[in-house]
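Each of the two blocks below gives one form of the same protein chain as structure tokens; they are labelled structure 1 and structure 2.
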Structure 1
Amino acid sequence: MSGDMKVQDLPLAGVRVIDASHVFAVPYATGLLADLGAEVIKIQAHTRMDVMAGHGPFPENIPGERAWDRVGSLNTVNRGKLGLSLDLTKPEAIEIFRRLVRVSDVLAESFTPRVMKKLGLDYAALRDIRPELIMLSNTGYGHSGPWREYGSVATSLEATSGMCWLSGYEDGPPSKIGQSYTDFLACWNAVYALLLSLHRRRRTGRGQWIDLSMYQTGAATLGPVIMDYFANGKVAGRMGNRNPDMAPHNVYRCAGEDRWIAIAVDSDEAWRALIEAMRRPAWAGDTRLADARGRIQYSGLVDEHLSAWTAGQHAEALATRLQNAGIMAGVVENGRDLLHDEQLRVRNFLEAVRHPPEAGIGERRYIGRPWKLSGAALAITRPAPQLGEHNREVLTKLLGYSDAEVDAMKKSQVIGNEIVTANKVQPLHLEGMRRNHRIGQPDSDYRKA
């Protein structure tokens, strides 16, 4: 963490954001706003756990007594925020929320459309008490249309938005790829929409409500594919790792356990460079492979030749060698590789953050941001808050409640620091996951990475 960074120099210095959301998309969006210098207050719940909490991961796979504070994914997205826990079923909590809105610039939430209305916290109600408010509502399908009340998570939206149909092996079924992909599309769209609205507010003095549909964020990345259906009646299928204009264009197994190199040849020149790098094997005279059209037609044969050559080679060294010869190549990095990656280290992409001693988490590295500004040193400004960590600070200093009032709120459980009703959270079933190939072999040195 860069402790000496001046928050007042950051692009969003002086902007206050309320994060009333859960799981990944909007929490991540507001976490990125915090990195840009906004003061972000996370509304937490001490009445139930975030749905992702049970999925961990927990430090050393120990959920502990306060599992909700120890979830690696949530601690990534909630970095840089203050934590205020409210039981929004209580009218006192709604009043606190409304007071907070009066002194805030942005509210970002991810409830289904009827929830905020039921709580009296929809845009129409909040605009009356804070006309300049910028409010973002993120839902699976948007606040209008026949699917508006459908709940959703990225797992269902990857399918519905068309991504699964196009992903997977060219000879296999549609498939999920990566994890929760649509959450990140929604996250980035949310940040963009909020920054636009702040820009507009600085020009016009006016706030607005943003109705973000995760479904549309996914479909928007498939524009030409959908247009191909409109224009030509064509339904695109899966291509796996292949490319319609290039071959070779695939991954090839190297020496070691699950080590692979990706190679993409985009010109005949690059192809000849590859043949040279392979020291002109006997099959190099095969004229069918001399141009892209032939290599694409015989891509299976090309892949066989390359696989035979990469097998037994060191993936990292080979990638560097091919890049030096002007050929697109790269190692298929895994989670462990990322934490040891020199490029990411030089760019400080996986930032070290120290948690307070009472959290029992120590120092861990977290995903930073995929962008840098020459005019501001962006960094994670503080670790994710523990449940209700800043209740007193926010309520007294920002909202003007007295200490006695805060004590009373605590007694009546309007606010809280622990989830009383929670079932004890189990550690992850690592051996079962290992059996099902969800994880590989453990690494005992990981705290040093």
Structure 2
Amino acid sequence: MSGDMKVQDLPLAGVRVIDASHVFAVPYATGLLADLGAEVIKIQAHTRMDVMAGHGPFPENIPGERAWDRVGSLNTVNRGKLGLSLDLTKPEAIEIFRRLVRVSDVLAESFTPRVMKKLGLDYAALRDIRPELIMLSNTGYGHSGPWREYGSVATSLEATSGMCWLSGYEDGPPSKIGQSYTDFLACWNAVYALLLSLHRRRRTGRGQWIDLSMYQTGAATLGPVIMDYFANGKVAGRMGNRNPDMAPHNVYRCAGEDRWIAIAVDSDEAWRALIEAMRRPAWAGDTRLADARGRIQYSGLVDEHLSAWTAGQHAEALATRLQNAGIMAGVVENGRDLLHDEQLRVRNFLEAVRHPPEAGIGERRYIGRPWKLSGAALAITRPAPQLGEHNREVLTKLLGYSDAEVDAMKKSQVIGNEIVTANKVQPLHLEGMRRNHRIGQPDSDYRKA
């Protein structure tokens, strides 16, 4: 926490959240709530590893003896939380969970619909012991409808929601969208719904069940496409990097290894400015390219000429030059660019967090929030918890168990600090990932500015 700001001064101070979710979408949402001052208690499993744990990435690509505590993605989404490990197959753990619900404001979970009901921890059961509870259940397809029991991951949801149909080149197959886009959509929708529910409870005193469908978060982004079919019978298709109303509108290779620039021209005035920036090449005098309609019709020709020109330019210098001329342009930044981006640095988007020495992680930078609040110096309040790190603290100080009872829980493995049956974890095979085009060139000195 920076400056003189204390947790009790933050917007969600005094709100206690139980995070019984896994993978990415809801953990990241509750991580943002922790940034806002909520006390978030992460329910961890010591009987199995989180789905993301086996994939890393690990610091310096070294899993270590406690690989489950060293996963970069998990340390990102679980920042600011307390860690309580429970084996929810045991009745004693269920009772602990229920006692925790009695003293909490929010419960967020991401199991398939049948799981929480089978455990007796669904909303209908929990509101009897905590009527004011706000519970968020994030599933692939929601708790109703013919697909309600289907499991899902973001990649499959990008397909079923229609996103993949629109992503890709005009003459190519449907394509996945970057890094699990519907996870981020579900995260942001979860934060929005939880904040609305907290606001409603402050006015009415009533709790709320939020039935969040990740499938619908994806479909909701395609409103214009759905309406176009509804109104005109038109099925939208793939267009690559092009735009039906602008040309040029694409990304173009620049000098250096895998360096690119995005250029978009939205008016004849901007086109003339681009011609001037290129020092009036002969081909730019082609009368077919004088107006937007012609440039769109011959966009392939325009792209060919522009690519030949940008190939000898450095992306950063060219982007600045074009922007100064009033042309929309920007470097296509890779991971290293973002890590050292001056704009993100000034806004402190990537926040330095120091892990305890025993974690063997040191200081790392994690993504913060894309927004700032006046009068609230938001920051990541603490590193993500190691497995079961706060078991004793939560059980004794918050729930009133004795130290002897906690010792007995650990002996019977109701709680734990190590994975009972850990999956075999290997470092990422960087060269193989590069050959398969899953990553670019590995960067050995990525931590240097």
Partner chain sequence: MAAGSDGPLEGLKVLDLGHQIAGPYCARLLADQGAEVIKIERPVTGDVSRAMAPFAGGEPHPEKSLTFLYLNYNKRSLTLDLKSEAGRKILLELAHDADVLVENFEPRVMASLGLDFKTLSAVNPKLVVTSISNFGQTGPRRDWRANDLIDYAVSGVMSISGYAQREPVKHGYFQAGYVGGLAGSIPTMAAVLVQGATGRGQHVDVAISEALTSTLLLTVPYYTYMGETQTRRAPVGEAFGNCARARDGWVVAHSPRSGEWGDFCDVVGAPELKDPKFATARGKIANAAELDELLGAALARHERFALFEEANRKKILFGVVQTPEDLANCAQLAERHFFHEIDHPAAGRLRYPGQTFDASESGFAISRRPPLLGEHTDEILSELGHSRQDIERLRELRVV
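We call the rigid core whatever largest set of C-alpha positions still superposes within 1.5 Å between the two forms. Numbers given to residues start at 1 and step along the sequence of structure 1. On a predicted model such as this, the values are computed, not experimentally measured, just so you know.
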*If only one of the two is the form predicted alone, which is it?*
2
*Any chance the CA of Gly14 moves 2 angstroms or more between the two structures, core superposed?*
no
*Where the rigid core has been superposed, how far does the Cα of Gly440 end up moving between the two structures, given in Å?*
2.8
